[in-house]
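For reference, the chain that follows is the form predicted alone, supplied as structure tokens.
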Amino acid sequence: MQQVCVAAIQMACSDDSQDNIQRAMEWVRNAAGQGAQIILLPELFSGPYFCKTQQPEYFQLAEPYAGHSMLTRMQSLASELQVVLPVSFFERAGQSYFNSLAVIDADGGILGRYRKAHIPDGPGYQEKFYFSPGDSGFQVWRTRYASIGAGICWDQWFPEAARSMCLQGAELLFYPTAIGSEPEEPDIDSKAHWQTVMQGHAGANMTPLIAANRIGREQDAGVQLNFYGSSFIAGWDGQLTAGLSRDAEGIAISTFDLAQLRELRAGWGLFRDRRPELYQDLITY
């Protein structure tokens, strides 16, 4: 047996970054107290989801990866609690800005950084104004408890991203998220679609998936988003093993036996029977 306990934290985020970070740390402590070893927070949890509109002053929120003030605090917390933290942050790199994620191991060291590859651009989600397309490629990190892959929000709609990480040996997939209503189409509710797509990634790769979303109503410059929470964990077969409501903060938590899952994947032969030579259309269209 090689058991690992994972958690997704669901929280509301205000304009007060220090309060957001402090509350996030308290949620991490709570999850660790329940036995969680790898703990996921939502996308850009240290502030409001500022991408609702195009406002240049929000670039001031970005910090360089090296010495990032929030990451430094999370490193200390990870070391204290002996937990792994994939942490979403707004990165400034020279003249470029990225929607990034740092993987902090249980000793507090940072194993690496991922930059969001797929950048959305639509009403209420105007990320192309703020973020350059990520140049890090999809990666897998060997943490103390498991080999993990991570995407960020819009990445979760692309099966190629999940498959790439699983081919590299990811035993768990993590997706911090900020998703909710569509400002110009209020009748659209993407919650079920959002979950189903990611459950498909878990089932197709026989790899558990953890998604952490924010909750609450956020408004800026006349644009309002209602984040629908519903954070969840899907098991190897795509079925939900834990889930949260649309409107309450909380922790989704599940335990998986990685050795057993490794045997299951090998026995099913899904990776053995792949035919990459027939998939060239994926990179030509």
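Because the structure is predicted, anything quoted here is derived from the model rather than measured. The numbering used is simple: start at 1 and walk along the sequence shown.
Omitted here: the form predicted together with a further copy of the same chain. The next part is about that form.
Taking the partner from elsewhere, I283 is found to have a heavy atom lying within 4.5 Å of a further copy of the same chain in the predicted complex. Proximity of D121 to a further copy of the same chain in the predicted complex: non-hydrogen atoms within 4.5 Å are present. Among residues of the shown chain, Y145 is not one whose heavy atoms approach a further copy of the same chain to within 4.5 Å in the predicted complex. Looking at L111, you'd find every heavy atom of it more than 4.5 angstroms from a further copy of the same chain in the predicted complex. With a further copy of the same chain left out of view, the stretch that reaches within 4.5 Å of it through heavy atoms in the predicted complex is, among 210 to 218, 102 to 110, 79 to 87, 128 to 136, 128 to 136. Here is the short version: of L173, L71, A117, A178, the single residue with a heavy atom within 4.5 Å of a further copy of the same chain in the predicted complex is A117.
Using a 4.5 Å cut-off on any heavy atom, the residues of 153 to 185 that reach a further copy of the same chain in the predicted complex are, in sequence order, W154, W157, F158, P159, E160, R163, S164, L167, Q168, E182.
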